[in-house]
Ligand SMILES: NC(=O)c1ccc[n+]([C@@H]2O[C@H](COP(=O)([O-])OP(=O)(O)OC[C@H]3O[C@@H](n4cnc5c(N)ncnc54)[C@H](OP(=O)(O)O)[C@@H]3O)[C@@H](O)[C@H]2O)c1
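Just the one chain here, laid out as structure tokens, in the form predicted alone.
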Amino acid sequence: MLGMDVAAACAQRGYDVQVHDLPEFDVTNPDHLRQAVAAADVIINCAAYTNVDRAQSQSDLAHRVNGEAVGRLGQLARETGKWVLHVSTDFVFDGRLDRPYVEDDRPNPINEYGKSKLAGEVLLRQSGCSHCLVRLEWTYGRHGRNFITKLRERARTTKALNVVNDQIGSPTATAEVAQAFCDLAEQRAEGLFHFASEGYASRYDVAAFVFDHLRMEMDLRPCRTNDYPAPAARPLNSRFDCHKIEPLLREPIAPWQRPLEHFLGEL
């Protein structure tokens, strides 16, 4: 989902973009990684194992993709003098903080997916390569399934829907992320950053916004996360403080409603 928008944004800015993806490219294959790094001047790694619930039973695979492969990428980048931008997630936090998370807050993942993504962060830093780490949250876009597209799919089969109102974050368009990544790549920025749309909402609030703008009748019912146990625990607070990244961006970060309204209009 994210990688396609990043590739398109980079191409629009005049870069020669090479995209590596399954099944031809396997990020856990050392030879594939070595060839990809050798052919690039800049590496933006959007590859990830992202099935949060399945990661509980496939933790070995999640850690190979989200952890070990990232460490190997960092080692290759250090050896060849390449700069890496790597994507991480709000799931490295436990969601128990009573304020938005800043980059210096201590990670404490509460599921295997979050643990695997944190392992990738640690291994990339330990590699010693020139890199930029960007944590994202609640992303949606034209490619792939996400919370927004799932809402639309559900509306075709039901007129009543329970949505959690105790998970708080910022729905963030991959198109917005892609532009931010281009800004960071042009500067070869280094360090750890949080990026999300401005403002915060519950999952329930986002669902209400979506159905209102799509003019779909839906009996929305608020519920709690604990009402629907899942294999993987979710952080309730996914709010990010994005002040650190703002000076590096061409444009101010937009409120979450604006990109989402545009996305819904395209649908």
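Residues carry their position along the shown sequence, with the first being 1. Since the structure is predicted, the reported quantities are computational estimates derived from the model, not experimental observations.
From this point on, the text means the form predicted in complex with the named molecule, which you will not see here.
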Task: Heavy atom contact within 4.5 Å of the named molecule in the predicted complex, the stretch among 72 to 80, 184 to 192, 111 to 119, 150 to 158 - done: 111 to 119
Open item on the list: Suppose contact means a heavy atom within 4.5 Å; in the predicted complex, does that hold for all of T50, V65 and S88 with the named molecule?
Closed with: yes
TODO: Quick one: from A175, V163, I168, L136, grab the residue that has a heavy atom within 4.5 Å of the named molecule in the predicted complex.
DONE: L136
Task: Partner-contacting position among V37, C242, V27, A201 - heavy atom within 4.5 Å of the named molecule in the predicted complex - done: V27
Task: Partner contact for D21 in the predicted complex: the named molecule, 4.5 angstroms, heavy atom - done: yes
Open item on the list: Against the named molecule in the predicted complex, would M1 count as a contact residue? Criterion: heavy atoms within 4.5 Å.
Closed with: yes
Task: Interface membership of M218, the named molecule in the predicted complex, 4.5 Å heavy atom rule - done: no
Open item on the list: Residue-level contact is defined here as any heavy atom of the residue lying within 4.5 Å of the named molecule in the predicted complex; does C46 satisfy this criterion?
Closed with: yes
